[in-house]
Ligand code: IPE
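One chain comes next, on its own, written as structure tokens: the form predicted alone.
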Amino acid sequence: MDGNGRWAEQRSLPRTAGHTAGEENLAEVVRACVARGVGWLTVFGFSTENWVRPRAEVRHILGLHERLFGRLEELNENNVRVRWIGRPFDGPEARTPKYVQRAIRRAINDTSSNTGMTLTVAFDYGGRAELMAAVRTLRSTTGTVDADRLAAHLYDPELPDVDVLVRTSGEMRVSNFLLWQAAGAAIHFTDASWPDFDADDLDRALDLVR
């Protein structure tokens, strides 16, 4: 979900306004995905590299994620089940604040019985960190690393392989997102910044795998 800051700068707004617009647009995209029968939607909310951003910007993004995970009434109305992937809260490298952890746990618990789309938010997430964690676990337990065992030790082994990967804001790169799960995925590149990503963009992405 890239381009929030540039979207704001183009409108002479603070970067935080772009992140707010991006969070609001995620709710619109979730509704559009539900209407189209999408089974799994995984979004890159905050990466392991994003902590180096200015402190005020990070605080604002953290607050938006607390609010995102707090949209329980709307999520339940749309029969959406919430999941999360990222560095484990009790791990030595984890940086997710306690109040965001609480919001994540509550959203997972309060939507666990929903049977519609699964919305997975990657927060304090990095594809390399995920793979390294899986390898470390395997080496310390079985001593054997192979593809099947590694896949079973990813942050969420139930997360299916990616069908189509969307990259917004004119960026022509994958970044550190779902490196294992997205192997072989179709990629939809769009010049639209994330706050402007709409149902038409979504349909063009889905056309790649229909």
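Numbering starts at 1 and follows the sequence shown. Since we're looking at a predicted model, the values are computed, not measured.
Omitted here: the form predicted together with the named molecule. The next part is about that form.
Stretch 46-54 is the answer when you ask which of 138-146, 151-159, 46-54, 176-184 has residues with heavy atoms within 4.5 Å of the named molecule in the predicted bound form. Looking at Ile61, you'd find a heavy atom of it within 4.5 angstroms of the named molecule in the predicted bound form. Contact between Ala205 and the named molecule in the predicted bound form is not found at the 4.5 Å heavy atom cutoff.
Mapping the unseen interface onto this chain, Arg15 counts among the residues with a heavy atom inside 4.5 Å of the named molecule in the predicted bound form.
With contact defined as any non-hydrogen atom lying within 4.5 angstroms of the named molecule in the predicted bound form, the contacting residues in 1-15 are Met1, Asp2, Gly3, Asn4, Gly5, Arg6, Arg15, given in sequence order.
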